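Listed next as structure tokens is one chain, alone, in the form predicted on its own.
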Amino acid sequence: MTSPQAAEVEAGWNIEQLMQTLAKNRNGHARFIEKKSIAMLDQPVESSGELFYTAPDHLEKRTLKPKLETMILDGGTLTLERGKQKHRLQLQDYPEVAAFIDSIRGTLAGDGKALQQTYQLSLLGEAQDWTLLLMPIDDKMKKIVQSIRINGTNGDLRTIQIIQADGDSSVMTIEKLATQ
């Protein structure tokens, strides 16, 4: 059996190279389908919409189905909007939420140092088909997230799988669209 570090060396592809490749993406626009499996529900909940990213710290998720919902992350402020309701959160007041959100934002930005403050990183595969595994190192974070598995091709993310500590999970499939 090959350890993640050995697989990394064998493939000639490492976390630093991945982060450098991801950091070249200054902005992006993608379509997503997300399936959430929640223990108290009989079937997964599916949603879909669009993602927008502008380096280094703007991330927007527009859910179009089943209900319109917008989540905008700008720097340290998270704005959630559903219907006529709008909520603003300062991430500094919710460190566990910030760590979770920064896992995606840090990956998109190719910021390995930021990711390593919260997660132990492992990389498998090669540039054309890689998997980045994020395991929380903080005990508080471990009570929320068991692992985050991000798959991609070169500088593009294809799926984000999140397994929560309570067993619930989600898989987001991402299809890159032309950048505006």
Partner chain sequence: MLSTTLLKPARTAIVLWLVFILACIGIISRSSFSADLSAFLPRSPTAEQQLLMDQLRDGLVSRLILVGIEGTDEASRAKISKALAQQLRNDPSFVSVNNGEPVNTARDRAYLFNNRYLLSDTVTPERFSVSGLHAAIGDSVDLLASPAGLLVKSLLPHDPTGEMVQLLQQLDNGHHPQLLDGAWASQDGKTALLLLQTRASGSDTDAQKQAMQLIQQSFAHASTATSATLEMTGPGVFSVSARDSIKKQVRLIFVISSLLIALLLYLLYRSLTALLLGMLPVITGALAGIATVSLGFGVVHGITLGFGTALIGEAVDYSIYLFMQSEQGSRTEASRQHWVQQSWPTVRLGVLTSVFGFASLLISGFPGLAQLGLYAITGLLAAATMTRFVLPYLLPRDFRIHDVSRIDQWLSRQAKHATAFRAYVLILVLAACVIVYSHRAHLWNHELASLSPVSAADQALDKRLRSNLGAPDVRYLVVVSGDSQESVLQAAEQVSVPLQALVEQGQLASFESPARYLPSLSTQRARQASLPANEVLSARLAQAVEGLPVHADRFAPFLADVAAVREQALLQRADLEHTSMAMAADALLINKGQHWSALLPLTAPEGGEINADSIRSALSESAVAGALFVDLKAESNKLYSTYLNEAIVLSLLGLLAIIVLLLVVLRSPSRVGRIILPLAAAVITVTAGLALCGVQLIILHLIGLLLVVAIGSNYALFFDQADAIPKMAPCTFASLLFANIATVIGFGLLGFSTVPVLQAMGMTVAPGVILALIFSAIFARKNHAHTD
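Definition used throughout: the rigid core is the maximal C-alpha set that superposes within 1.5 Å between two forms. Just so you know, these numbers come straight off a predicted model, no measurement behind them. Residue numbers count along the first chain shown, from 1.
Keep in mind the form predicted together with its partner chain is missing from the figure; the text below concerns it.
Within 4.5 Å, heavy atoms only: does residue 67 come near its partner chain in the model of the complex?
Yes.
Using 4.5 Å between non-hydrogen atoms, is residue 144 touching its partner chain in the model of the complex?
Yes, contact at 4.5 Å.
Is the gap between residue 36 and its partner chain in the model of the complex 4.5 Å or less for some heavy atom pair?
Within the cut-off, so yes.
Would residue 164 sit within 4.5 Å of its partner chain in the model of the complex, counting heavy atoms only?
Yes.
Within 4.5 Å of its partner chain in the model of the complex, heavy atoms considered, which of 135, 45, 124, 127?
Checked against the cut-off, the match is 45.
Where does its partner chain sit in the model of the complex: which of 36-44, 108-116, 150-158, 127-135, heavy atoms within 4.5 Å?
That would be 36-44.
With the partner left out here, which residues of 15-32 have a non-hydrogen atom within 4.5 Å of its partner chain in the model of the complex?
Heavy-atom contacts to its partner chain in the model of the complex: nothing from 15-32.
Against the rigid core, is the Cα displacement of residue 43 between the shown form and the other one at least 2 Å?
Yes.
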